[in-house]
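Heads up, what comes next is one protein chain in two forms, each shown on its own as structure tokens, labelled structure 1 and structure 2.
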Structure 1
């Protein structure tokens, strides 16, 4: 009886905490979406509203009338994120394939090397990277934000861990007997087998590339090349100082696609986080 009662209390505590945390996750974004539809005067009177108002188009007009250009930011971010994700996924799987399928002298040292450099954050190398890119005059080239993802050590590590049990050598051997070349075997046999791992890694690479602020902030000076996070940083500028509604709308425009995609893919994303941690 006593145990049952304490169990009941425990359950109530758990749900109260979980619901409070859930509200904490939603509240800032809810306020943001509501204020995106409200006029500056309305926000000045009461900054919290749980219901929308009718000034969405008006806010949009003010927002787009200044330096904030979501279409440009969106396009550039898409180009960079898709490019970076595609390259990272393909070449990481290829490198993992080299580590799993073939036997070569430097295989072990190469793998140890990948483990060692996995933790190096990009930020501590930024000065040298910037100087290198500046010297060859490519600071405003989106390719400098895409090409580095060919070498993604932590993804190679993940792909290798996944590939070891998933890929059977018998299939590869029989494809060889059928006369398929090594590249064809990789593209037609290994890549499809790796699909689940690729999907998980693709989502995370895409999101982190989309959200990256540091590298684009250092490299890009041309407004036409700005990515979404840099566009967002413009909202902090003085030109939007009194335009509360527009600032919220600008923020909302950058959050909305992410939330929509997240809610559609959330199952896979959370499974991916769990998988990544166990394997890594």
Structure 2
């Protein structure tokens, strides 16, 4: 009886802690969405409100009147984020596959080099990267925000660590005996096994690429190529008055795609965790 009561108490405590953590996680997003419906005066008087107001359409008019073009921003951000995520996930998994499946002389030095590159901040290489992009005349090209994603050292490390216990060499050998090519083995066997890891890294890569402000701000000068973070950062450039309601609305519009991507890919992460627990 005592054990049953203690177990029930522990369950209640766990549920309460989980509910509190969920509330703390949702709270900033809820305040942001509520402030998107409020006026600047209301936000300045009471920064926190749990109920919506009636200034959403007015904030939208102000937002669109500040040379804020959501269609252009969304299109550019989607192109960059989807392209960067696809390239990073595929080529990082392919590199990890080569590190796990094949045995070659420079395998360990190559992995050590990847680990060393992980320690270098991106800001350190930005000057050299900009000079290279400027010399080839591609400063206003979205492709220069997509193609560098092919080299993602941290993702290669994550994929390698996940692939070692998940990918069975017996399956690879059987596929080779059956006459399957290496790319076919990778695309039809390795990639499906890596779905949970791919979903996890796809979320992180999409979010970081979507929220990236520094690199696009350095490379892009054409307003038609601006991304959503650049457009939102320009909303506070008004010398006379900052319309906080429109700023919050711009932030809300920027966050919505990230929530959608997470909801789409989260099922693969949950499925991978469940599969791992069954194997264990």
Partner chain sequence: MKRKKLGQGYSKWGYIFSLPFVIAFLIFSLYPILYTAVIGFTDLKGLGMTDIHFLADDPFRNFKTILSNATFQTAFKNTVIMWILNFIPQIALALLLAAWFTDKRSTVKGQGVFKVLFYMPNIITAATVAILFKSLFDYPMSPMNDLVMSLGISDKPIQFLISKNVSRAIVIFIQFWMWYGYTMVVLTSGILGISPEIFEAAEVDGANRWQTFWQITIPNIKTILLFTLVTSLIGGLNMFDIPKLFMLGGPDNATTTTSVFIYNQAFSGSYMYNRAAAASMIMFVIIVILSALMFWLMRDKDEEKVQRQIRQQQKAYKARQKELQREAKAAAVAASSSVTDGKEEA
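Since this is a predicted model, take the numbers as computed values, not measurements. What we label the rigid core is the largest C-alpha set whose atoms superpose within 1.5 Å from one form to the other. Positions refer to the first chain, counted from 1.
- Both panels show the same chain in isolation, but it is structure 2 that comes from the form predicted alone.
- Fitting the two forms on the rigid core leaves the C-alpha of residue 226 displaced by under 2 angstroms between structure 1 and structure 2.
- When the rigid core is held fixed, the Cα atom of residue 212 travels less than 2 angstroms between structure 1 and structure 2.
- Core superposition gives residue 15 a CA displacement of 11.7 Å between structure 1 and structure 2.
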